[in-house]
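Take a look at this one chain, the form predicted on its own, written out in C-alpha cells.
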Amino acid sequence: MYLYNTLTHKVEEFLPNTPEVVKMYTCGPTVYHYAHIGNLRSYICEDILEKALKYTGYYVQRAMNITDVGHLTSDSDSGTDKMVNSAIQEKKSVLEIAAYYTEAFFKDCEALNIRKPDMISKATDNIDFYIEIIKELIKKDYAYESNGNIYFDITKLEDYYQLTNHNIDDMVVGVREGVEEDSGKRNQGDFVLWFTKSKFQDQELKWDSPFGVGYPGWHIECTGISIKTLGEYLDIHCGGIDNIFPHHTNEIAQSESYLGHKWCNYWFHVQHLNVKDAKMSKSKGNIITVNTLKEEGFNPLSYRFMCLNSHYRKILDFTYEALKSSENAYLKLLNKISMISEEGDFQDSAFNDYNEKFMTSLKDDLNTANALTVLYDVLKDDGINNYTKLKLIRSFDKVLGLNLISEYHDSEHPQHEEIMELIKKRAEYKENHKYTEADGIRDELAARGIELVDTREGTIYKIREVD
C-alpha cells in the first residue's frame, strides 16, 4: 500500500509498526450541529481507507473521538465554545446538544455506508487522563501556567511546524474565525491545554484539577483518546485538511513531548468540498446536510459515488447538477448489475486477475476512480460468466460501500423473477399509455415492500421492510 503522508510530504510505502495490526485514529465530529457533506467527505474517504486496508490483508483497529466540550470558535484559544453557543441557541444543556447531534451524525454515517469505528470515546469521558498528561508536560517543562490557564510552549520543540513543511501560507488553512491575540501566552503560537474558571464563565462543563476548576483545550482531547484507546504508537492519523494546522500540529507536539518518542508515522488528510468555489463550512452558512440531499430527492449513496469518482487529495466542487450526473451514473450502474443473472461456474483465474487490478488501484494512494474503472471493466468483459462477475462485484463492494447488489435488484431474492416480469409488464402498459394499469403494478409492489425506481436505463427495484 502506498499513501501520501502529510508528515513527509510525499507518497510512500505504508509500513505499520507491527504486522499484526494497523492502529488508525480518526478526528471525530464536534457535536454542536449537524455534520455537513463537506465534513462527511472526510469520513467517507477515511472509511474507504479502513476498508481498503482490510481488503488488502491488514487487520485494523480504528478509534474516533466525539468532541463534546472545549472546541472554541477561534484558533487563538479565545472566543466562545461551540458547544456552549449551540446550547444557548437551542435552550438545551450542552450534554443534551451533544447526545442529539451525536445520534444525528451516526445516522448520517449509516446512510452513507460509513462503518462505525471499533472504539468511540467522548471527550468528557477522559478528563482524568488529560489531567495526567498535562501534569507530565508541566513536569517536563513543556507547559506553563499563565493567567490561570495552562499553555504548551512551542519553543521547546525543534520542529514544531514539521507537518506544515514550515509553509506559513498553509498554516492559515486551519484558522476558523475571530483570531485574537492572547496576552497570557509567552509566545503567540503557544496553545491552551487547560482552561480555568478565570475565563469563559458561561462554560457549563467544568472539572476539578490541580490547575484549578476548568476544562480541557480542544487539542489535548485527541491526544488523550488516541493514546488511551490505541496505545503509544499510532500508524495512521486521519482528518480533513483544515485539521493540519493547528490541531494536528499541536497533537504531535503534546503527544511526543508526553511520550518521549515519535507517536504517529502516517498522516492522511482529505481535501475540502467546495460550494461555488468556497470551502463548505457552518460559519459561512453554505452547508448541505444528508437530510438536505434526501429532501432534494437524492439517494445519499449517490454522494458517496460522487466522492469515489474523485481523489481524496483533490478539492471536490459540489453542485446539484454534478450530483445529479453522479446519481444518474450510479443508477445506471445498478441497473446494469441488476440484469446479471447468477449462472455459470466460478472462474478463479478471472476473479484473481480482476481482484488484483482492483487492489492495485487501492494501493495506489487510494485511487478509487481507477477502482471503479476496474468494476466497469468487469461488467464489459464478455469472457467472464455472470456468476464470477457477481462474485467480483460483491467483493469490490466491501470497499466501495455502494450496495451494488444487496440494496437494488437482488437476483437472489426469492421473488426476483416475478418482480422482473411485473416490471416488464408495467413498461408495456406505459408504452401503450395504460397508465392506470401501470400505476396498479407499482402500487401492488409497493404494498409488498418493493419500491420501483425509474431511470434512463430502465426500472430497478429496492426492497423495503413492510410494517
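All residue numbers are counted from 1 along the displayed sequence. Since this is a predicted model, take the numbers as computed values, not measurements.
Note that the form predicted together with adenosine monophosphate (AMP) isn't included here; everything after this is about it.
The single option of D242, D108, D153, D235 touching adenosine monophosphate (AMP) in the predicted bound form, heavy atom within 4.5 Å: Checked against the cut-off, the match is D242.
Pick from M280, V94, I127, A350: which residue has any heavy atom within 4.5 angstroms of adenosine monophosphate (AMP) in the predicted bound form? Here the answer is residue option M280.
For the interface check, one of 32 to 40, 415 to 423, 435 to 443, 47 to 55 should have non-hydrogen atoms within 4.5 Å of adenosine monophosphate (AMP) in the predicted bound form; which one? Within 4.5 Å of the partner lies stretch 32 to 40.
May I ask you to check whether H311 falls inside a 4.5 Å heavy atom distance of adenosine monophosphate (AMP) in the predicted bound form? H311: no, not in contact with adenosine monophosphate (AMP) in the predicted bound form.
So in the predicted bound form, does any heavy atom of H272 sit within 4.5 Å of adenosine monophosphate (AMP)? So H272 counts as contacting adenosine monophosphate (AMP).
Pull the contact list for 310 to 347: residues with a heavy atom within 4.5 Å of adenosine monophosphate (AMP) in the predicted bound form, in sequence order. Going through 310 to 347 in order - heavy atoms within 4.5 Å of adenosine monophosphate (AMP) in the predicted bound form - there are no hits.
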